[in-house]
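Before any questions on binding or motion, here is one chain by itself as structure tokens, the form predicted alone.
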């Protein structure tokens, strides 16, 4: 696969996740960071770099991160996110699978 094709494929994958996360604005999520900090909060916004803004946050381990108790809103750089846990009832798996299939078909052409 050429570098250009790989770049376009990565861009399409990021666009798919960006569109998906935009549909979850206003929902409660848990964001686990690469430094093992997990933050629960309401998804306020997400941008094309998958940077995330959360409101009404709390940490899952307040004893380990007491300095986070006074923080109510945060901006998380997309490159430090390990996982985003979503509420199962908010995820339309059929729509996500259809979008992934469509994207795979476009890449094959």
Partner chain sequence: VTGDRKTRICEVSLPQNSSLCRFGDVEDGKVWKGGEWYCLSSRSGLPGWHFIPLQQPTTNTVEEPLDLIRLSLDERIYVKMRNDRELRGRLHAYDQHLNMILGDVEETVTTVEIDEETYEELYKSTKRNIPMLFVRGDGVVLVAPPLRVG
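Not measured: the values here are computed from a predicted model. Positions refer to the first chain, counted from 1.
The next section is about a form of this same protein that is not shown, the form predicted together with the partner chain.
(message) Whether residue 22 contacts the partner chain in the predicted complex should be assessed with a 4.5 Å heavy atom distance threshold; does it?
(response) Flag for residue 22 set to no.
(message) Taking any heavy atom pair closer than or equal to 4.5 Å as contact, tell me whether residue 36 reaches the partner chain in the predicted complex.
(response) Heavy-atom contact with the partner chain at 4.5 Å: present for residue 36.
(message) Against the partner chain in the predicted complex, would residue 55 count as a contact residue? Criterion: heavy atoms within 4.5 Å.
(response) Heavy-atom contact with the partner chain at 4.5 Å: absent for residue 55.
(message) Can you work out whether residue 81 and the partner chain are in contact in the predicted complex, taking contact to mean some heavy atom pair no more than 4.5 Å apart?
(response) Contact with the partner chain, yes.
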